[in-house]
Structure formats: C-alpha cells, structure tokens
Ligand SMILES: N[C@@H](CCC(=O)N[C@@H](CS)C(=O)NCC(=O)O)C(=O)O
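Coming up is one lone chain in structure tokens, specifically the form predicted alone.
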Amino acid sequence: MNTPTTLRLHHSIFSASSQKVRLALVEKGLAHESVAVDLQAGEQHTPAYRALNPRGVVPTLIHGGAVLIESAAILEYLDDVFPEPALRPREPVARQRMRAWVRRLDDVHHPANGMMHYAILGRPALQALPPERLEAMLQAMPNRRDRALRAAAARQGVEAPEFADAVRTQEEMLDALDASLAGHAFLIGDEVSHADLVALPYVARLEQMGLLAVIDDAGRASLAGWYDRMKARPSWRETIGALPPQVIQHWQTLGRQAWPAIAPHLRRRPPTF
C-alpha cells in the first residue's frame, strides 16, 4: 500500500484520549508533527478546529488528506496503515477481547475519570471564570453527557452525586484490570496492545491526583506490576512521563486535599491515607 508519510496530530499533552494516540505513535516509532490544542483556552471550540473535529475534542490526526477523529478508531487506523510493530493481537478471540476492553474503557471509565479530573483538578480554574464565560464554555460542548458532567464538576465539585459514582466506577476499573492481569504481563496476554495503551492514561491520572495508594496499598498486585512495566517503556517516558513536574505536584496536592471526599465511596481503602 502506498501511503502518505506525513502525520500531524492535534492534541493536548494533558488529554487522556490524546495520550492514547501519542503512546501508539511512539510504540510504532512514527514521526509526526505535533500541534498543541489549548483546552483551557477553548481552542477546541474555535471554528478552525471544529472544521476538523466537529465534536470539539482531541485528538485529531491528519494523515495526508485524511482527517481522522476518535482515539480508538485512530489506533485501529495506525495498525492498518503501519502494521509493524502490531498493537493488535492476530488471533481473533484475543483481538475481540482487546476491542471489548477498549470499548469499556472509553464508554464507562473515560467519563468517570474525566469527572474526577474536573471535580478535583479543574474546578479551581473553572470557578475562577466569570459566570458568563463558564456558561459559554459549557454550551460550546456538543456532547450533552460531557456538558452535564463538566457542569456538575464546576458547580458542585466533590459534592456532586456524579462524583461519588465516578469514584466507584474508577474502583471497579481497577478491580477489573487487576483481575484481567493475573498471570499475564499485559491485558491481552504477553504483548502490549491497544487495551494497555487505552487503560494507561486513566490509571496514570489517579497517580497524578496523588492517589497511587489505591493501587499499591489496596491489594492490587497484578495491576501494580503492570503499571510498573508500562512506566518502564519508552512510550511512557516520551508522553505521560514527560508532563511538567510542577503541574503534577499541584495536581497531587489537590488530590490529597480531596481524599476525605473520595474515601467514603471506596470499598477498599488503602491504609496509608
């Protein structure tokens, strides 16, 4: 297949969905042009960006003349066009299990992770906005579910009913990941796949919020081992591991401050908090 070689990724380094695609690009050794989208400034809702991505979200990948959106679909595209090294299992049942994991993480855990992020980390900046600016930002979001979660995070924070559900959903994710990793190096056997790249940003965000103890000190040894293996890979060091330390330190402070609101919703509470 004769394919264009120029790849241009519109993304935010802080976006979990962007991180999934960036991880895959590094795993595959694919050079690309990086175009930063400032989510806090609302660049994702400008007419120029919405012309590329009508949903007003990141990432968007440009490959030659093709404009590609939705992180899971972009991952599939990269494996179709650049098949080596493969990030999908070749065996059909294993590939189906990988896709089932990706679907679950995107549909169930992405909104919950985002709710925790904005209620704990994003709320100070959201509350600092003039009311009319906040309302305009919310109304610019075309997805009603995302708009409702962002509004709850901004207005009620950790007191929002949606926050309690998000914490419980994240704990369910950790339990499911730990169970799936028992006896395996990675989520689908012994090779890294899309499932690992999609799960990693959500687990990392918990650590970035100062909540690593919910993995290390809550009896999830298989998950903890997987997380260590993923963090040892070059793709981690070039993407999630390269986030500004001062930002992570600030996030961890906010996360620890929120711990009294998180703990009551957990079934397994780590003893170190």
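Here the structure is a predicted model, which means the values were calculated and not measured. Residue numbers run from 1 along the displayed sequence.
We do not show the form predicted in complex with the named molecule, though everything after this point is about it.
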* Asked: If you check in the model of the complex, is residue 95 within 4.5 Å of the named molecule, heavy atoms only?
  -> no
* Asked: Is residue 112 close enough to touch the named molecule in the model of the complex, meaning at least one heavy atom pair within 4.5 Å?
  -> no
* If you check in the model of the complex, is residue 217 within 4.5 Å of the named molecule, heavy atoms only? -> no
* To do: Look up in the model of the complex whether residue 16 has a non-hydrogen atom within 4.5 angstroms of the named molecule, and give yes or no.
  => yes
* Structure fact -> TL;DR on 28-36, 58-66, 219-227, 238-246: the one with heavy atoms within 4.5 Å of the named molecule in the model of the complex is 58-66
* To do: Could you tell me which one of 106, 175, 162, 79 places a heavy atom within 4.5 Å of the named molecule in the model of the complex?
  => 106
* **the named molecule: the contacting residue among 192, 181, 75, 141 in the model of the complex [heavy atom, 4.5 Å]** => 141
* Is the named molecule in the model of the complex near all of 123, 155 and 259, within 4.5 Å of a heavy atom of each? -> no
